[in-house]
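Single chain ahead, written as structure tokens, the form predicted alone.
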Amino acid sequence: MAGEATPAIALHELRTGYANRGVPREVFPPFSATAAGAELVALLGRNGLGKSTLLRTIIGLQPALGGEVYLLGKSLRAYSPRALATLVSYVSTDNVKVGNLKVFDLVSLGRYPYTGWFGTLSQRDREVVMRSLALVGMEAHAWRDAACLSDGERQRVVIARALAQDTPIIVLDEPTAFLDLPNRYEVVLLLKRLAQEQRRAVVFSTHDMGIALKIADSVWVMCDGEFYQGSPQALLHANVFDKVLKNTRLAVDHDTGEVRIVGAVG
């Protein structure tokens, strides 16, 4: 429609899955979705529905079985690997092994699209690294051993590495998976602030439905072969999360978004 901004991410009849010995195996039926710049999008769904597969397909680590991924209005397939590395950064679900790196050195790895073959940091690269650390509240820890960080601190540093890549789109797979409850809230609130203040599109998968419903601007939901997109309030009123929690002892409050245990326990 005329006057509408181009979405940062647009998925059109996307089919995700794997090719096993040349035979495609679809993990989720075709669907369409969008994510805008300056928007925090939470991806929800039960285990095994293909959330990680979807995220890897969006960033080009895994080919789509059909349909199209558009990034800033241009087909994913039209980008060279180097151009793509300046467009989208990715934080995987793996617990990062940091070795003997200092925090600064770990974050500086995000500058790889700009530093050339030898990885030599310019003054600007160093400034971007320090600014990225400042954005996640870890500037004072730049010269600490990364191996000595707490889980919450390490996750902030990994997000800083993605910020140092200086991309308009950030995709994160379960960024709160290894964190306690207070740190889960802190990390998602950090992502929200980065989306708003840095005008980046941030998409993250999570099992923390309550946190996602309180903080995310928009929610993508994979459930029973159906894909839903909307604001948390709209999807709550459409009973989408009741479908996600079907056949569990959990229920979601349609007014507050709180997830609670229902029925007898034990």
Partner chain sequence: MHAPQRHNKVVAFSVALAALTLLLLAADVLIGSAPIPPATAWRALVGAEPSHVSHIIVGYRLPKAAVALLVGVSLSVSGLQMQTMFRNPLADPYILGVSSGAGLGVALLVMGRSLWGATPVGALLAGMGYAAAACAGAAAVMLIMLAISARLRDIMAVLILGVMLGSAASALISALQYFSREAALKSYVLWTMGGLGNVTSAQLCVLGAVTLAGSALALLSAKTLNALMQGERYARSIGYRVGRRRLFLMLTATMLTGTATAFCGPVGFIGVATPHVARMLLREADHRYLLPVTMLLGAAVMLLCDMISALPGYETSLPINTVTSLLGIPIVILVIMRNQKAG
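All figures in this text were calculated on a predicted structure; none of them were measured in a lab. Positions refer to the first chain, counted from 1.
Not on display, but discussed next: the form predicted in complex with its partner chain.
How about R131: is it within 4.5 Å of its partner chain in the predicted complex, going by heavy atoms?
Residue-level check for R131: no, no contact with its partner chain.
Going by a heavy atom distance of 4.5 Å, is R46 a contact of its partner chain in the predicted complex?
R46 lies outside the contact set for its partner chain.
Can you work out whether L106 and its partner chain are in contact in the predicted complex, taking contact to mean some heavy atom pair no more than 4.5 Å apart?
Heavy-atom contact with its partner chain at 4.5 Å: present for L106.
In the predicted complex, is there a heavy atom of its partner chain that lies within 4.5 Å of any heavy atom of H141, even though the partner is absent here?
Close contact is absent here: in the predicted complex, H141 is far from its partner chain, nothing within 4.5 Å, heavy atoms only.
Non-hydrogen atom within 4.5 angstroms of its partner chain in the predicted complex for each of Q196, G210 and H254:
No.
Option from 174-182, 187-195, 68-76, 159-167 whose residues, in the predicted complex, bring a heavy atom within 4.5 Å of its partner chain:
Selected stretch: 159-167.
Does anything in 65-90 come within 4.5 Å of its partner chain in the predicted complex by heavy atoms, and if so which residues, in order?
P81, R82, A85, V88, Y90, in sequence order.
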